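Starting off, we have a lone chain in the form predicted alone, written out as structure tokens.
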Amino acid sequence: MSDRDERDFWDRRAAAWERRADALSAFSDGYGIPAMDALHVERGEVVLELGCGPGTTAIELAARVMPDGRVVGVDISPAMVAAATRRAASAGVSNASFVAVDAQTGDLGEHFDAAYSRFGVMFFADPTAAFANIHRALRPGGRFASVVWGPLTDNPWMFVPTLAAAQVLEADLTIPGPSEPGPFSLAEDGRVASLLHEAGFVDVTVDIVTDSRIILAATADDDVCTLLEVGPLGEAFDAADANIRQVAVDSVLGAIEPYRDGDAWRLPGSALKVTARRP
């Protein structure tokens, strides 16, 4: 996928991500907050967020660096940047700003104290160039922290619902290879650490973080819709009529039944918490 195709894809998905932003954060924070805590941002620091999406994470970072610190969120998608800008304005957050730029090659601006990403850096077509560019954007001693998905087989929260719905939606489900841009591009043992070392980072650590995607019985249909709308089947789900969408939801609920826990389903997930430092 070219940079333009990547931008256009995320522009098309921005409305769904903005609509489901709170639900996304409720799930992703179980993985993302440990990585954010490991970054140890302090009041007054200037922080770069990579792949800011609809802005929820930037707002959390902005609260941590107040009152004098700032956050700059970047995303390849202008539509995502617009969504993030709206969200920050609505929340009254004045110390977060957003820029549409390709983090692989674009000018990321000043030397930042820290850089953070929650499930954003797995989509780089050229991660070698991207991490070198991030390294340049940090001041000497600047820190980096990110969370990326672990192996597909350790994440039934994604593959079980996706496989169940794909047939109903008649979607062309192509799983990227282990080194191709996609949710699991950095899951291969040692790959993300090797890329960071190659970019010039030191003190690289990679730790496993586990959590669960919880689907509540009381809100099951809407919870599954969220999962499908923001996942790899998002465009196929949006294009389907209401009847087909409901069949897809019902198929997912049937497929996840082995994960039922009382009045909910708990779908396991595994991510990698990554930290590093520019010397």
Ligand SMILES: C[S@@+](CC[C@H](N)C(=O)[O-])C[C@H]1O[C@@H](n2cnc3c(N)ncnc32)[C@H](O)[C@@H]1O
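This is a predicted model, so every value here is computed, not measured. Each residue number is its position in the shown sequence, starting from 1.
The same protein also has a form predicted in complex with the named molecule, omitted here; what follows describes it.
Asks: Work out which of the listed stretches, 97-105, 160-168, 84-92, 190-198, brings a heavy atom within 4.5 angstroms of the named molecule in the predicted complex.
Replies: In the other structure, the partner sits against 97-105.
Asks: At 4.5 Å by heavy atoms, is each residue in Ser77, Phe119 and Phe124 next to the named molecule in the predicted complex?
Replies: Heavy-atom distance to the named molecule in the predicted complex: all three under 4.5 Å.
Asks: Is Gly51 close to the named molecule in the predicted complex, meaning a heavy atom pair under 4.5 Å apart or at it?
Replies: Yes, Gly51 is a contact residue.
Asks: For Trp10, is any heavy atom within 4.5 Å of the named molecule in the predicted complex, or not?
Replies: Because a heavy atom of Trp10 falls inside 4.5 Å of the named molecule in the predicted complex, the answer is yes.
Asks: Let me know which residues along 238-260 have a heavy atom within 4.5 Å of the named molecule in the predicted complex, or say none if there are none.
Replies: Heavy-atom contacts within 4.5 Å come from no residue here.
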